[in-house]
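Single chain ahead, by itself, as structure tokens, in the form predicted on its own.
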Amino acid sequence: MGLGAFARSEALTLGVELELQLVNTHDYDLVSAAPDLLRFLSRRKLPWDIKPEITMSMIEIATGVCHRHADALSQLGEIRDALVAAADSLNIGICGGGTHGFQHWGERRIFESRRFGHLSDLYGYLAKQFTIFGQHVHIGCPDPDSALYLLHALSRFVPHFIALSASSPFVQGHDTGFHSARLNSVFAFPLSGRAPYVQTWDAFDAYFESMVKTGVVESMKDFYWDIRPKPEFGTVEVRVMDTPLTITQAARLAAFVQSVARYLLVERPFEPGESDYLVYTFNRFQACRFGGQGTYVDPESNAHRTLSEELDATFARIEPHAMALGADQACSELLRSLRTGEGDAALLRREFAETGSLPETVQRQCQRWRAA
């Protein structure tokens, strides 16, 4: 059984998915409130997708199809308002951030569903450790071969996306020293990392069919790749970003991904190759560990520079495309926050330094999430 046809999708449309934390309002630890919250929301006819995630302390929200940054921001604002109102009725806190600062994975409960039960049986304790929170951005592609070009071309920008979105410095009550510790949990899964380098949809379909025959996978959902095609949507999905602390930041990140994608699809500035992946894992680690101060190795020239310097150069290249999409201001704000140390990971560390309390830090995360 192959993947079948790649769905028709308007080029460069975008969709945003966010995994969110559910906490109690006493000590701000995670709480298994997803069933109650989803039941409460099911009474309303909502135009967005709100669904459970693998443990009961998580939910995932998703916009519809958006064309521009302003569309994504507007839809995220409406979803946020509906969630906050429902959570207030149930005395639940909701917040962003790639990890919860002090929760313990052993206390988590798997959401009751066939798929999540299967994942728990397959991965053991890793399933509960997967109580981490990411932002995914889908980019519409005009045809399947363009999707594969975009998948591989975007791989050069994975460190950029990680550094700009990093919001997970704390794990189980400790400062990890990482800007994005969340991705360390993703890397533990055997089908994580990068997609195989194939250049045509027929070749990719053959690869998928071979994997199905092994009995290892049943669908594309079984691949936890950093970037993966979603043929049923006609998109490429970028999955490396931490959930930010605000919908404003989430919309900016989506705008940046869309602008990079437009630059790649319109200009075709390079031809991806297997050699691009020689420095892929190194660059990704540097971004997770050090953020903008990490080292970036250019896969073409092998030149070394800081990721902040690379981001400045990237913005100069994509700026005309960001302007064409109405996203230049959003991208500028992202870069400004990185340069001035106002990114989410730095902000969380400062707030913990001020308060000396991770529960109070999470409380502030909840306040920041609900801010209009």
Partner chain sequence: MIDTPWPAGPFEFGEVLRIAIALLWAILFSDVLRRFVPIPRITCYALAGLMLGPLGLGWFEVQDMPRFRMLIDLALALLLFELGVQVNLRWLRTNLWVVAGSLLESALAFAAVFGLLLALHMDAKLAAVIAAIAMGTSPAVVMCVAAETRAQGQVTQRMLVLAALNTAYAIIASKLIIGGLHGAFKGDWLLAVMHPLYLILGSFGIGTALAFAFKLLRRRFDFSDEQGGVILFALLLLTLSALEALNLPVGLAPLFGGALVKFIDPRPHLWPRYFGTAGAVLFTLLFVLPGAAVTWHDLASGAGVALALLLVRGLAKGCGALTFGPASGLSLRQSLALGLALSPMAALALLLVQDIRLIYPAFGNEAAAIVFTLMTVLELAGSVAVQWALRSAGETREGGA
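Residue numbers count along the first chain shown, from 1. Values in this document were obtained by computation on a predicted structure and should not be read as measured data.
Form predicted together with the partner chain: not shown, discussed below.
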Point to revise | Which of 281 to 289, 175 to 183, 91 to 99, 229 to 237 lines the interface with the partner chain in the predicted complex (heavy atom within 4.5 Å) | key: 91 to 99
Check your understanding: Hey, in the predicted complex, is T13 touching the partner chain, heavy atoms inside 4.5 Å?
Key -> no
Review point. Would R39 count as touching the partner chain in the predicted complex under a 4.5 Å heavy atom rule?
Key: yes
Practice item. Check whether V31 has any heavy atom within 4.5 Å of a heavy atom of the partner chain in the predicted complex, and answer yes or no. Key: yes
Check your understanding: So, in the predicted complex, is D312 in contact with the partner chain at a 4.5 angstroms heavy atom limit?
Key -> no
Practice item. Quick one: from E333, D49, E342, D27, grab the residue that has a heavy atom within 4.5 Å of the partner chain in the predicted complex. Key: D27
Practice item. Within 4.5 Å of the partner chain in the predicted complex, which residues of 137 to 172 have a heavy atom? Give them in sequence order, or say none. Key: none
